[in-house]
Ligand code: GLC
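Let's start with one chain on its own, the form predicted alone, as structure tokens.
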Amino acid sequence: MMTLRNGKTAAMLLAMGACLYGALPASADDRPPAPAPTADLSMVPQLKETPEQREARLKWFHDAKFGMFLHWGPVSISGKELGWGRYANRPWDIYGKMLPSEPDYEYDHLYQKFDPVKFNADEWVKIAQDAGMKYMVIICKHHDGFSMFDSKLTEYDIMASPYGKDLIKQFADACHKAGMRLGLYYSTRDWYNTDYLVGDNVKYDNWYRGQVEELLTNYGKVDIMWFDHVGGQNWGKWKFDELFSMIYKHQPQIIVNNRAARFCGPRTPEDKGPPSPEFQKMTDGDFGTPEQAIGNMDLKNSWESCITLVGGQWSWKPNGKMFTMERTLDTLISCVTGGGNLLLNIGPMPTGQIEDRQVLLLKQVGEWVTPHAEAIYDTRGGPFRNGKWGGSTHRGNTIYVFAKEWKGDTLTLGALPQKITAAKKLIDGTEVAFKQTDTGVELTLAAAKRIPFYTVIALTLEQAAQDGVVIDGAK
């Protein structure tokens, strides 16, 4: 009988899982029917809340606009991609090969060299705050199966590394101390765990939900649960009702992204689909996650683009090509004016430090964002349709126009139903000439009075701008 690092035997862990999640069946078909809900879903907000209650629960997220994603782990030693740098059957659950996980000796043993002695969670939080970020999401376990936290359910975790200290606890404590919203990333997909999608998947399903419960009970208040994909096509292999019931039992105000059941078919007639539309709605979570792309302007649904700052790689890429200041701001402003958030990814180095060049760029972003904070935070996207010309946000009786491309000294926008009473440059209060007609709005400002990247102009209206309205932007 195997004894784990924490002294609990494998048999004891199985017994614990049975108490938490129900006894394991003696046998099961490889394609079980999609189960009916058995857990208490009364606390799951996606199934019961009114639009007003949902807006109240997500208000902080809609107001925050800008967050930091952190992809980090032993893989940073190699400079390879996190998860995808593991070459042993890594895509088997996506492409239907349905082969058991195989070891990748080099990748799977990187943790034995992982000793980030220069990691300072307080410094990371300060870097994010200086950039104008309002929340942070850190990798707790990626597709490679390595847990960056002290998990009692595996020996393949940070406690087995030379570092030997719980990184997630340090990070969570630093966020709480600084008032930074905390998000935890967890990949349901696992190419290391040999129980993943084997047979009826019950053993793995119980195990991963046990790890999620550890994350939601050991680190104080968690604001975001950021899942990343399951596999297997068959909903019968996953107890998502028990997952969501557990999540909201421990963290009643948490918000969840849309990937808790992503890639869970069906793709063939034999695969079992969601037991009900309610299951689909629940696992769709609270916000969409366009990846490595800016989401289309969408003022009706909550969304967050997750995009890498360096080289198209999530984890640390030595000498990777980094975004310029202009591209970083373009990405942020396009998300904000389009009705979404930006989760900008940073890949820390194996030492635990963030590269100086990335820190410098983020500081420069913050220096631009700070004097324009009024037009970014606590606003909603629109009403002018965004594009290469720029975009707009609004709050109350004010529309904030982010103007990048002008025709001469003039910017022509679509017609507003509200009357404009004043127009001024946000950063210094300079008056901006405007002309409003039934067909559109013209703003005029000499090039010498504009500022680099975007000139933000505040339009004061007689009545409040309405949420969810889209008007033609500049041509």
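A residue's number is simply how far along the shown sequence it sits, counting from 1. These numbers were taken from a predicted model, which means no experiment stands behind them.
What comes next is about the form predicted together with ligand GLC, which is not displayed.
Of the heavy atoms in Cys306, some are within 4.5 Å of ligand GLC in the predicted bound form. Lys126 falls outside the set of residues with a heavy atom inside 4.5 Å of ligand GLC in the predicted bound form. Although the partner is absent here, His143 sits close enough that one of its heavy atoms falls within 4.5 Å of ligand GLC in the predicted bound form. At the 4.5 Å threshold, heavy atoms of Tyr185 reach ligand GLC in the predicted bound form. Scanning Glu106, Glu291, Asp122, Glu405 against ligand GLC in the predicted bound form with a 4.5 Å heavy atom cut-off leaves one residue, Glu291. Of the residues Trp207, Phe149, Tyr400, Trp226, just one reaches ligand GLC in the predicted bound form with a heavy atom at 4.5 Å or closer; this is Trp226. Only one segment in the set 185-193, 156-164, 391-399, 248-256 has any non-hydrogen atom within 4.5 angstroms of ligand GLC in the predicted bound form, and it is 185-193. Although ligand GLC is omitted here, in the predicted bound form all of His71, Trp84 and Trp314 have a heavy atom within 4.5 Å of it.
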